[in-house]
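First, one chain by itself: the form predicted alone, in structure tokens.
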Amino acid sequence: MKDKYSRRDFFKTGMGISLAAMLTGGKNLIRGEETAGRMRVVASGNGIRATEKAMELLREGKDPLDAVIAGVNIIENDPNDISVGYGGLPNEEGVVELDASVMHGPTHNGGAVASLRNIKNPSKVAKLVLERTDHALLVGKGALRFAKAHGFKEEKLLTDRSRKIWLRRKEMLSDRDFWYPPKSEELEPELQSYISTHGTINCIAINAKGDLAAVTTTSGFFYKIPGRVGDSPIIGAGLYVDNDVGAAGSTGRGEANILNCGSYQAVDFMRRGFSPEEACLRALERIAQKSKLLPRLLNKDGLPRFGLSFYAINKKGEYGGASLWSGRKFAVHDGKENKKKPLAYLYKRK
């Protein structure tokens, strides 16, 4: 039985915030807290280090796009984080393929790469696509050649840790092939949960001038078909920025997001006056409704059996996020402290 939603009503989250701002002489109110200035950074739950770094750079006056990319580079470079970059979980052939996109509010320009191999920082390459080409997206071997032309060095991205997880998945798939079933002692207990997983990090920022930027980077679905591209490098799905309105980004099931242009929808809802949190919820509500047309995506209760989350900041510096299912968090640096907060949600887990 679905428990729909934990969201606040529209007056409290949308019109209420605007009215409160007017009554307090134009000061921003975010979830009841008076704030000075607009500098904010939000990220998916695995991005608490990214929000800290990005805020540090915003305070130094750096461009918000440089700030969020520097933030996610920490996670891309971490071999112990299997969701992105170096050490990311591979495709079914044991090859790590990375996707990333960036979007810069002041210029309304973006860049992206997909199915990029042997380069640990796809977010940096995506920024170069924005800066050094008249294209928006480069893929596969073309993206690799482009990265190498700009001085990026090829390196092995599959770590021993990720290789162990990949091998266990391969051994588990069938009892009719030539692979013996796995021995339980061959994989540490803490790695067992990664057998069926995916990972992404999204990071969004607004600086003191009100300029916005966003980045999304991922290694995609674990054991995906080689060449699969998710939502992360698709502008309008994995992220979207309108410097006059706000920015949004996502993590979760990319296919559902691509087919609904979810991040664009979230920004469009903010354009209509909804708060960031309510905008994310409404984008998710549309996706959930469309998912009902594909029974394979539904659980026994007729609800989406996948996860998807959105994160958003509007032009005033108000922020929020939402997930299809309860229990998830996102990272926020509000200019005073860096912490994780619960995401709003459409459906409560049993």
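What you see is a predicted model; the values in this text were computed from it and never measured. Residue numbers run from 1 along the displayed sequence.
Although not depicted, the form predicted together with aspartic acid (ASP) is the subject of the following passage.
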| property | result |
| --- | --- |
| Segment that reaches aspartic acid (ASP) in the predicted complex - one of 118-126, 74-82, 216-224, 149-157, heavy atoms within 4.5 Å | 216-224 |
| P90: touches aspartic acid (ASP) in the predicted complex, heavy atom cutoff 4.5 angstroms | no |
| Contact of R228 with aspartic acid (ASP) in the predicted complex (heavy atom, 4.5 Å) | yes |
| Non-hydrogen atom contact R253 with aspartic acid (ASP) in the predicted complex at 4.5 angstroms | yes |
| Partner contact for N207 in the predicted complex: aspartic acid (ASP), 4.5 angstroms, heavy atom | no |
| Residues within stretch 199-219 having a non-hydrogen atom within 4.5 Å of aspartic acid (ASP) in the predicted complex | G199, T200, T218 |
